[in-house]
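One chain comes next, on its own, written as structure tokens: the form predicted on its own.
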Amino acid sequence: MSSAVNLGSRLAEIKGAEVIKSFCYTCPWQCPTEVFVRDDKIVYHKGNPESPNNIGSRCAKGMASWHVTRDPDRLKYPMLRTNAKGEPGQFKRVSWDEAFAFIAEKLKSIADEYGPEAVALTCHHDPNTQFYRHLLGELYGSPNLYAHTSGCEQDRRSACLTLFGHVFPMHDFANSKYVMLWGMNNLGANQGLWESRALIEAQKKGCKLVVVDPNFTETAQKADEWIPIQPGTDGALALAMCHSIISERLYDADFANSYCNGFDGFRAHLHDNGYTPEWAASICGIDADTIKRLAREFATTKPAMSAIFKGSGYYTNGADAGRACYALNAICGEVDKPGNLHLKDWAPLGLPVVIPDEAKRAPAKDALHAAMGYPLAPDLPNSKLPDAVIDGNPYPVKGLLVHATNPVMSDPNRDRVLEMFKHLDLAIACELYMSETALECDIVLPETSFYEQAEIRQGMWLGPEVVLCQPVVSPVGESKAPYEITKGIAEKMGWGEYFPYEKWEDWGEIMMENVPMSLDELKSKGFWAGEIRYNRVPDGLPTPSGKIELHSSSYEDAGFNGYPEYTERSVVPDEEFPLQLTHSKLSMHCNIVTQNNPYLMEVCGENWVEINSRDAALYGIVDDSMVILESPKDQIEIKAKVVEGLVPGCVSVRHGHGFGHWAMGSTAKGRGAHSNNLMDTHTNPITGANCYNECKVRIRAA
């Protein structure tokens, strides 16, 4: 037994506690953990020392996460709305039986009048939402089962699927010699601890880190070089680098010709459109010589990696910006080799419920994203959902199940989202707290936290991996796990036979059938990790051509350019609103629920807007003072931070989706500022992503 593993045993002995292997789901990277429980309470928890994801380490968010099990502001009972939509929500406590009967009756009524496609699901990437998909998709017949990706990394996901046929590649920083990150702040968001650690260790061994970002982020501060690019111009810089690499014959000819679909056409496309470093310089604010130098460094230093996450998105030109950033890897032969973007294998996990074919109801209409005119969208264009609900365009949506997301807070144009909820016949929130969205719903269902329910899911590590979350303490109040909620609704719908499990291990055994580890072994170890494989590109990729798609026939068929092109963003500052609004995250917070954690709020209790010192002097802004940030649509009051590390003409609101709660719990309520209503509705025309940075503002002292 290793010293790290022995430490867990000794701690359990000292604390008189049981050790339960689980994982943390404060953020989507689900680090495996060891949770120490005594008398139905968490007395300690730490990272699983055997796990490759975090090697025993935790972030601050994860360490503070135990508070959710004792938070007095948690939802405890099903709550049914008692007043009209559009008024401040008033609710009464009902039993679970009443809640299930109410939902089942409404679902049947909507299906009878409008068809099952009139009901939609929008959720976070919780694996337990698969139970809702069995119920609403396979049995009920709705094609509209979506996650929250359009409010996250939809442009990145679309680019990965288009070029590589892979939904979520990993980053093999540990073996890289040159890493170029585009608006990607690993060390600030503290997600993917193993990736962040590998990046720092790679630098120690000589890897050069270049960060392209308007903001001097935490990752940029650790970089060897910061490229302070003008916001929304990443695509221009990436295309110019591709032009320089190809024109100077620095590309990997064998790889490009063998494994890149449309390479010759891409070369001509760059030339014919004049995507030169000189052309890009005036757009990006980066001189041509620097662009050429970066291109040469990237092409001649191997292994190398060009990677994006959210930063190059959030603009209406973000889809092609993502494709261009990834094209750098392709033309240099730097894909899925050690030190590259890694096209990881997925574990052979099964589904938790098996619905027989004869019981399945095929959808009668196209899914919303396709019917809306976004056939290439990897997820629902959330900003267009109000059109379907309010206007019936492209067809009516009358029912909405919102699971672990808060679109009233997280989507642009809050006014339009609030209006949407008035037009729904059935709005269900499955949540931990009475969130802003829950207040607009007809019925609110209290969900268990990840400490109180089971989850089995794909791990976010280089190799194929299964990670397990086990219930370690009793549920708060009468809260239920999604698999229990789904079963309750199904029984009222007459489909109880398809959800026969009595305990979570029953469906867990089904999921683990093809994994080379038993469920009991998984419960003991906490994870299963397979072999890391490289060099899968020659074997063929799951793209239309079987190759890396520099030219996309799917784009062309949908009426877009098959090659990535540069277009200007949709909203440009002017004399009246002279500043570009951008957003960045905070290391202490994730998504929308950490703001009710008093320990995290003690460290970081509000968000702020960053402004360059030159702009601050121009507009009379003093550091740590309250300011008014105003767009053509709305205004907010927020604290200002005067900084040097931000491109002039640009302001950056920290954690745009999280602060400024008017609902939620006593700790979160009224803290910080909510910026999303500053934005009008702008949607990426290709991917359907929310374009949070398509916003111009002005600033003044409060």
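Residue numbers run from 1 along the displayed sequence. These figures come from a predicted structure and were not determined experimentally.
The form predicted together with a small molecule exists for this protein as well; it is not shown, and the discussion that follows is about that form.
Although the partner is absent here, Tyr146 is not a contact residue: none of its heavy atoms lies within 4.5 angstroms of the small molecule in the model of the complex. At a distance threshold of 4.5 angstroms between non-hydrogen atoms, Pro28 is in contact with the small molecule in the model of the complex. The small molecule in the model of the complex is not approached by Arg323, whose heavy atoms all lie more than 4.5 angstroms from it.
When the small molecule is considered in the model of the complex, Pro464 lies well away from it, no heavy atom lying within 4.5 Å. The partner is absent here; in the model of the complex, the one residue of Ser158, Asn215, Ser176, Ser142 having a heavy atom within 4.5 Å of the small molecule is Asn215. Taking Gly151, Gly488, Pro169, Pro352 one by one, only a single residue has any non-hydrogen atom within 4.5 Å of the small molecule in the model of the complex, and it is Gly151. Judged against the small molecule in the model of the complex with a 4.5 angstroms heavy atom cut-off, the residues Gly232, Tyr433 and His655 are in contact without exception. Only one segment in the set 626-634, 534-542, 580-588, 158-166 has residues whose heavy atoms sit within 4.5 Å of the small molecule in the model of the complex; it is 580-588.
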